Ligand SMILES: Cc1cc2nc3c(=O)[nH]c(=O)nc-3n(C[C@H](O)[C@H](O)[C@H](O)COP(=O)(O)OP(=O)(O)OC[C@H]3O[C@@H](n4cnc5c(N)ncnc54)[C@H](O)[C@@H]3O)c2cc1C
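In the form predicted on its own, a lone chain appears below as structure tokens.
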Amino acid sequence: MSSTVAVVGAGAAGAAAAYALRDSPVDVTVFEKSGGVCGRAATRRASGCTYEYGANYLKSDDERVSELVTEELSTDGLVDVTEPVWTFDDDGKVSEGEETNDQMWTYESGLTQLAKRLFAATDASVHRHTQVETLVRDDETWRVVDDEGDDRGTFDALVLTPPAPQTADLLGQAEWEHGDCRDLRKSIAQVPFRTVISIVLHYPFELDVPYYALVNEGEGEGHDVGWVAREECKTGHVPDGESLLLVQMAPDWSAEYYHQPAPSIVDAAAEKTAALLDDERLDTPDWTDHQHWRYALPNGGPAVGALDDATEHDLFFAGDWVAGDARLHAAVRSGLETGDAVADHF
């Protein structure tokens, strides 16, 4: 009889874990609270544009992940962003970035293709719009209960992939009477996360600048803008003659403005972007979008060895926070390694 595994979260890590288990005698069921997949590597479409409003690209900074994207998965529609990333300091002074051999990938139809292609290569059952509320440890199995109180099944192993604060909450609400539950929850809850508000600004004209993106590398009090990227640098994302900026505000600014009305947030972000790029036209985009990411970026990972005891309870974790690196490739690599560990566990 096949073993059964529940994966909570259909983000990049959850999709990679399911993919790593594709050839194992394991039945995988994935529970995702939203209607989409790939988590914070999210894609939207509006007015003929396709844009990433969370993670902006997948970086070729991990050999296994690079092989996955360029050799194992279909490369149809794979986009290599070739324009460079420049920097700016706390005073808004823009400088050329260092040359690198790293590639930056997305897809013509958006980064969500990454998780979609990973899941398509598996027999995993993916249940969207299903929020896991309670985890129940029954003898040597895990039972999953959703927020409607419905029992979603019993599983031989459990993989948790939400951001660390949400994973800690799940363990805090779990019906699991064991000291390791408390210790795991405490260790995971200590992983710090940064809040980021993403703003999308569209313009009916092209920007004439030599870079794909600007990143703040200041070391002082910081700039209110953390990142600005030009979606028109991605093939198939923005019609010719138009510009679409993805602006991610700095964590301190994002936390301060988090509960402000959306129009005031967008207006303030547009003003700061116009000042940074020294282009007053950017004060008045013709359409906008925004997204609040309360748990956007981990500021590190759990203590070394903090999660080791979980495997004794058929419990596993994956995500960028597990890797301690706020990068999409780190989340994918973590998912692949966790999937391997689950396969070895059985």
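Numbers for residues come from their place in the sequence shown, where the first is 1. Here the structure is a predicted model, which means the values were calculated and not measured.
A second form of this protein, the form predicted together with the named molecule, is not displayed here; the remarks below concern that form.
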Problem - Three-residue site 87, 203 and 270 fully in contact with the named molecule in the model of the complex at 4.5 Å by heavy atom - result: no
Fill in the blank from the handout: As a check of understanding, the residue in 68, 315, 282, 55 with any heavy atom within 4.5 Å of the named molecule in the model of the complex should be identified as 55
Completion exercise
Exactly one listed stretch (158 to 166, 91 to 99, 183 to 191, 254 to 262) reaches within 4.5 angstroms of the named molecule in the model of the complex by non-hydrogen atoms, and it is 158 to 166
Practice task
Report yes if any heavy atom of residue 74 sits within 4.5 Å of a heavy atom of the named molecule in the model of the complex; otherwise report no.
Solution key: no
Handout entry: Touches the named molecule in the model of the complex: residue 22 (any heavy atom, 4.5 Å)
Key = no
Problem - in the model of the complex, residue 132 touching the named molecule (heavy atom, 4.5 Å) - result: yes
Practice task
Indicate whether the named molecule has at least one heavy atom within 4.5 Å of a heavy atom of residue 17 in the model of the complex.
Solution key: no
Handout entry: Within 4.5 Å of the named molecule in the model of the complex: residues from 265 to 294 (heavy atom criterion)
Key = 293
